[in-house]
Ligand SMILES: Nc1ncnc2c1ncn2[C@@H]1O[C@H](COP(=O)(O)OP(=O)(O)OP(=O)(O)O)[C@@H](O)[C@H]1O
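Below, in C-alpha cells: the form predicted on its own, a single chain.
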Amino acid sequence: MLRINNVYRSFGSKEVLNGVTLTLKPASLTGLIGPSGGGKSILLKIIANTARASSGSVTFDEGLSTADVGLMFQEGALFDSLSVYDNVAFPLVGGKVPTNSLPVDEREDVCDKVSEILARVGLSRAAYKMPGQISGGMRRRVSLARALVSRPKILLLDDPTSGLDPVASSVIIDLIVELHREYRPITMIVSHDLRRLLPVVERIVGLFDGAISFDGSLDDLRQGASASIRSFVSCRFELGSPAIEQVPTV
C-alpha cells in the first residue's frame, strides 16, 4: 500500500498541490488526469522522493520504500553522454556505467534484462546509439524502458506516450498493461492521451488546481463527475457511450 497524506507543495507564492490525500492499493492501475500545470508531475516526483513536499508525507507499507519506485520523467531525463543501453541499465547498476566495465557475471545479468526490455519497446537496433542520435519519440521509449527494466514494485509513468504517433502510443500502452498483468506493480500513469489511457486503467483520479476533484472508475466518470471535469475529459475522450472504447492494437 502507498499512502499520500495531505501533501502540499508551493513554488514561491504559487501553491501547486493543495492537500492531496490518496491511497494506492497493491497491484492497482491508476490514471492521473488533469490540465497542464495542475500538479500531476510534481506529485509523482514527491512519491519517488526526487522532489520534496512543502508539508504532508508519503508512506509505504512494510517491505516497500522509495527504492522500489520506478519513475519515468515527463521530460525523459536521459543522460546525453551515455548510450541508450547504458541509460536503460542505469537503475540496475547503481550508476556504475559504462556497463562494459562490470564483472563478467554481473554484466551478463544486466545484458539479459536490458536486452529484453529494449526489444519490448522496439529499440534493440538503437541500443548503442546516443540520445542525440535518435528521435524524440524513441527517447520517450528509452525513458520508459529505464523505468521498467528493474520491474519496480511501484511504477510511476509521466506521459509515457508523449511525442509518439498513434500506432506507437497504442503499442506502449499495451506494453504497460501487459507488464502490469505480469508482475502487478502499483502503477500510476499520467497522460493527456485520454483515448488510450481511460479504457485500460481501473481507477481515474482527477487533479485540478492542485486538489483531487474526482476519484472513481470510468463508469463513475460518465455518470457522476462534475460538469467541469466532464468538459475537460470530453475534449479528449468520448464519454457518451456506456461501452468502453476499444483501442486498436498492433
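Residue indices: 1-based, along the sequence shown. These numbers come from a predicted model, not from an experiment.
Absent from the display: the form predicted together with the ligand. The rest refers to it.
- Residues of just one listed stretch (28-36, 198-206, 59-67, 181-189) have heavy atoms within 4.5 Å of the ligand in the model of the complex: 28-36.
- Taking a 4.5 Å heavy atom cutoff to the ligand in the model of the complex, the contact residue among L22, V16, L239, I229 is V16.
- Though the ligand is absent from this view, in the model of the complex it lies within 4.5 Å of a heavy atom of just one residue from I212, L221, I42, L194, which is I42.
- Contact annotation: S150 falls outside 4.5 Å of the ligand in the model of the complex, judged by heavy atom distances.
- Contact check for Q74: a heavy atom falls within 4.5 Å of the ligand in the model of the complex.
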